[in-house]
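Take a look at this single chain, the form predicted on its own, given in structure tokens.
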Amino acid sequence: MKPESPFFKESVHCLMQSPLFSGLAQSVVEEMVTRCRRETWKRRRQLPMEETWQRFHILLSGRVRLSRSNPETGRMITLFLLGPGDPFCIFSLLDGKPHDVILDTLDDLSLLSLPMKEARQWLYEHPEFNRTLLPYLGEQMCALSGLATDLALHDTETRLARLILRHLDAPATVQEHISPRLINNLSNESLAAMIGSVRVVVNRQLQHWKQEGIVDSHRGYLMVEKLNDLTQRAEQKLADTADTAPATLQ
């Protein structure tokens, strides 16, 4: 992308606000953006990662879901939900290999893209990029560890509460009327895929919380009304409710 492009400044601004690039000097980010091309992808596009891994992508707007599925049962688990400023194919950047992941576009996207070989040059040309990359990778690994822990140790109510809390940006002093980012307008089926459950179970749990006044939930809308109560649900350990067998991923 050339600096005179009408999208250049907003692309640099987006990257400067992202966890991966915010620690870099603006001149470095600008140089990186000049190597990229801007692309737009339509909503509801699904791609296996082997079709995308040879290019490095950075979201400017919209959301991407990275998932794994069981071809025999059709069950799906969401590994990552990414938003503006997040890259995908991050692991291919490190090892140069495709990974068995399905990519879904949840919105119309705008993104930056460049050949993976050129993106890998950043690792050698910009040591400061490595210093920001390692903490970002650490957060990604912690997210996967948290997902594994939730599936193995917690029931559906706890997993769903923890998912919502992870996506709240509001300060701790705010206790009500908080809308979670990224997951706010996702379907119950999509929320279920993020916690290893199924739509009917998530729907039943949200309706139960709604009756208790903990959340306000309806199609395409989710609002936390009682943060303290939701936090208590998230801290629950192996509750003696219906989800007692993690292997079934109820």
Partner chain sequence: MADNNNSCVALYSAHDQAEEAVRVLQKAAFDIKKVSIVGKGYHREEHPIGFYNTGDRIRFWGAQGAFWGGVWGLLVGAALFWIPGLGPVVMAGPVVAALVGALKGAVAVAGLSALGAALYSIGIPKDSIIRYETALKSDQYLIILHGNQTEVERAHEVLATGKPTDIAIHLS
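Residue numbers count along the first chain shown, from 1. This one's a predicted model, so the numbers in the text were calculated from it and none came from an experiment.
Separately, the form predicted in complex with its partner chain exists; it is not shown, and the next lines address it.
Option touching its partner chain, based on a heavy atom within 4.5 Å in the predicted complex, out of K210, R38, R181, R68: The residue from K210, R38, R181, R68 that makes the contact is R38.
Interface segment, criterion being heavy atoms within 4.5 Å of its partner chain in the predicted complex, picked from 23-31, 42-50, 212-220, 191-199: Heavy atoms within 4.5 Å of its partner chain in the predicted complex occur in 42-50.
E10: heavy atom within 4.5 Å of its partner chain in the predicted complex? Looking in the predicted complex, residue contacts with its partner chain include E10, since a heavy atom lies within 4.5 Å.
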